[in-house]
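Before any questions on binding or motion, here is one chain by itself as structure tokens, the form predicted on its own.
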Amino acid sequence: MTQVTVENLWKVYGDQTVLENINFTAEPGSFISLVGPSGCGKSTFLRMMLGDESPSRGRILIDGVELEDEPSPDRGVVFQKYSVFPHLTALQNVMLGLEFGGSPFLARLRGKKRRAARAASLEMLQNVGLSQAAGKYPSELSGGMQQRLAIAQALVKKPKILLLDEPFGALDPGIRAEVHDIMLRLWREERMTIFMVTHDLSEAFKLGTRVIAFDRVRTRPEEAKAYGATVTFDLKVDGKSVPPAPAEPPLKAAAQ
């Protein structure tokens, strides 16, 4: 599991301060829900976590090492809009990340590597309840199924950190509850550290082990550009905890 430390983080675009003085540490395996009004920098923070944006000041540390300023396989992301390729089947969509990782120029694996990638992708489709849809195209899938496919895409490379940018906002309530359950199960099984942006407070508390709110504390018109959003509250969710470490194999435990 992975610890994330945010130290004195600022993001400024020109004369507009978006985020100011963000400080917190996410313990390994946390599920952090990020809430706050529109425009307060939640998605900007996720882009900095992903490596698409660089901090203007301060830093983000992953297990004590400063974050790389470009995306990498240790960080997966799922957006609100289904980020799947319409011309590829569900299986091909999930395999694509593994093929790019193993063959950056051709995005095409062969032989044992391709068989291993196919097996891993089929297993991930099964984990999100899409094993029967492996040969279908996104246009043949419902919205909930497409979002589960996007989750499988993000998780097949076993990222240490998963970033969720309002991934369930477009889903009907019944489908959303189903995908919530899948997300919680995968979080426990994969033991990732997750950051999720949401405008739904009930969703934030249902899924998160911790809820962090970003907001502006200076709201006068003359302060609008000079000051950004910061952490206004930070709550641990009662009864929620990080996934436990897996039990040691009996032989290893006996040897100690």
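Given the structure is predicted, the values throughout are model-derived calculations rather than measurements. Throughout, we count residues from 1 along the sequence that is shown.
Form predicted in complex with a small molecule: not shown, discussed below.
The single contact residue among Glu99, Glu166, Glu178, Asp74, judged by any heavy atom lying within 4.5 Å of the small molecule in the model of the complex, is Glu166. Scanning Cys40, Ala204, Ile194, Ile60 against the small molecule in the model of the complex with a 4.5 Å heavy atom cut-off leaves one residue, Cys40. The small molecule in the model of the complex is not approached by Lys225, whose heavy atoms all lie more than 4.5 angstroms from it. Using a 4.5 angstroms limit between non-hydrogen atoms, Val18 touches the small molecule in the model of the complex. Among residues of the shown chain, Phe233 is not one whose heavy atoms approach the small molecule to within 4.5 Å in the model of the complex. Among residues of the shown chain, Tyr13 is one whose heavy atoms approach the small molecule to within 4.5 Å in the model of the complex. In summary, the region of this chain contacting the small molecule in the model of the complex, judged by heavy atoms within 4.5 Å and restricted to 186-194, 204-212, 63-71, 43-51, corresponds to 43-51.
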